[in-house]
Every structure is written in C-alpha cells, then in structure tokens.
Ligand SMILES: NC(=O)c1ccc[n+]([C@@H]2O[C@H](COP(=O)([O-])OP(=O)(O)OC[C@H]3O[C@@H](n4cnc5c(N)ncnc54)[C@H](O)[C@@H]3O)[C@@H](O)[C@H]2O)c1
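So this first bit is one chain, no partners, the form predicted on its own, shown in structure tokens.
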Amino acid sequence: MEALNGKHKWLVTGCAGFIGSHLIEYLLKNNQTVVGVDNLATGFQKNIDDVLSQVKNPDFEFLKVDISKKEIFEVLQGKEFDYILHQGALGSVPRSIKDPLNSHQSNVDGFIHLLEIAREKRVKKFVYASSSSVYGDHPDLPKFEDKIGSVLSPYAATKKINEVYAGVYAHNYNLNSIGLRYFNVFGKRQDPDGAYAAVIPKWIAAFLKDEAVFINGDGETSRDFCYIKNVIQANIKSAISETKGHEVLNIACQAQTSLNELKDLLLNFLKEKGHDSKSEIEYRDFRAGDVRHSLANIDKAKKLIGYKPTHLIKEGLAEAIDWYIENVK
C-alpha cells in the first residue's frame, strides 16, 4: 500500500492487540504521530514492544486505560487527533455467551465513549471494527452490507449496536465514520493461547505439538479468511477517504474456505517447513452462536475506499507461517 502523505495525529484503541499493533506499526513506519490506548486485558505489552523495536524514533505514546471507564476522557484531555481507529473490544462469540455483561461494557460503553471523544475533538474520520457476526442468521451468500438477519450472540449484538450508534452520531453530530465488518482476520501476533483463541493459531499450535485438533461440526462450515495486511489497508484507506456520514463495509477476500480445507492447507504448509504432524482430527458438536457459512461481497469497499485485497488465504499463510511456527509452540 502507498505511503501516507503528510504527518497526522492518530488515536488507536486496542493498540496492544493483534490488529491494533499492526495499525500502530504501519502508522509509525510512515512517520505518523500515534497515541495508543489499551487496558491489556486481552492485548499484550510484548506486541507494542515488538513494534517499537522495529521503528527508529517513533512518535508514539502508550496510555494504559480502560475505554469502558469514564477515566478515558480525563486521560485524553488536551490531546487532539485527526483520526481515530477504534479496535478496542472484547472479541469472541463464545466469550460473550459465557459473559455477556463484560462484553457489553467493553464493546458498547467503550464504543460510545470513543464516539464522544471523536465528536469533542472534531476528528476527520472515526473508523471502527465491526464484525461479520452482524449478519447473524441471514441465509444469503455472499453477504451484502444492507442485508442482515437476527444476530446470534451477545458479541454480535454489541457490534450491531455499534453500527446503530455510529449512524446516530453521523445524523445528529455530523461525525463521519466507517464501520469495517471484518471476516476472520489472521496473521502474526494473533494469540494462540486460551479458550477463545482464533482457529488458525490454535490449530497450528496443536499440529506442532501433535495434539488433537477439534473441528466443530462436520468441517464443512466455511469462512472468508482475511489476512492482516488487507485489514490495515482498509483502515487507512477508510480514514483518508472522502466519505461523509456513516458507512459500513465488508472487509474480506470474497473467497470461501471450509474448516476441512483450512486443516489441509495448514498441514501442507507445516509439512513444507519440516513439521509432519501426527495430530488426530476429532469432530465434535457445532458451537453455540456460530453461523454456518460466511462469504463477503466486497464491491462496496472497492468502490468507496479503493480497497483491494493483496493477500488471499494461501498468500497470507505463506507470509505468516514462519511467525506462527516460531511463536505458537
């Protein structure tokens, strides 16, 4: 992606997380001024340290703060921003089903706090992470932004509420915003540990240890996997775009991969790297709150912000596999 023109002030929430750390890495390498906030509940200081080790003289300030608490207003008092990239949230459908209250507090209370900050500071664009989970039980494939069903989890409900609030702020306060409906993002710095780890790092860790790999359902559940570099492109292009009001965009590759196909891809990549896994594959019940198939139409993102995915799942895995092998053991 082309470099940014000029130096601007950015606020990145969730900066110690998977996507947030990649955003601050891109911005700092392009000589931007960045303030990052994170409460380190699901993010890691090591992600920030990794970024700062790669950038000479970074113009960066890290603030440890919980966006769902009103102290966020005090912490950011007196600071000005041109753009806000809001990634801070409690992810995971299963986590939200187990603990809906904390998901709501982080994802809804935190979200409206950031909207207020964006309004008060008159930012040029507020870009935030939405989710493909907003489509819920709508049966059509591919998914178009204007056709959604009933959401199936508290996490999906929080993201739908985010979109509603962003639209209200655009209508009442002229706050320009774009919500990015991410579809199964993957790449380096993606946490392989814990009960809510994403499927790719979780499976790679199991394959490397020759542990059993569990597939929910029959393995024909499919997803539109999106490499992290596509997501970074979408955030930056959204921020500097000329769109007005509130828009939501699908960010994916418009390509379907089943869990069975993903399993074979990962095994082949690992075998090429000298890891011939002996893991057993075990199929179990479908997971509560999951949708059966997910596939995005990305025409709107192409038209409005010039989004063009540079990495399909194979290109993304080829670029990230060495990091996974080194870091998920």
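What you see is a predicted model; the values in this text were computed from it and never measured. Each residue number is its position in the shown sequence, starting from 1.
Below: the form predicted together with the named molecule, not depicted.
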Item to complete: Please determine, with the chain shown alone, which of 82-90, 236-244, 204-212, 136-144 has non-hydrogen atoms within 4.5 Å of the named molecule in the predicted bound form.
Response: 82-90
Worksheet item: Are any of the heavy atoms in residue 19 no more than 4.5 Å from a heavy atom of the named molecule in the predicted bound form?
Response: yes
Discussion item. Quick check on residue 222: any heavy atom within 4.5 Å of the named molecule in the predicted bound form?
Written reply: no
Worksheet item: Might residue 166 be said to contact the named molecule in the predicted bound form, defining contact as any heavy atom within 4.5 Å?
Response: no
Discussion item. Is residue 227 near the named molecule? Define near as a heavy atom within 4.5 Å, in the predicted bound form.
Written reply: no
Practice prompt. Identify whether the named molecule in the predicted bound form is within 4.5 Å of every residue in the set 41, 106 and 185, based on non-hydrogen atoms.
Written response: yes
Item to complete: Only one of 55, 304, 65, 265 comes within 4.5 Å of the named molecule in the predicted bound form by heavy atoms, so just point that one out.
Response: 65
Worksheet item: Heavy atom within 4.5 Å of the named molecule in the predicted bound form: which of 129, 118, 249, 252?
Response: 129
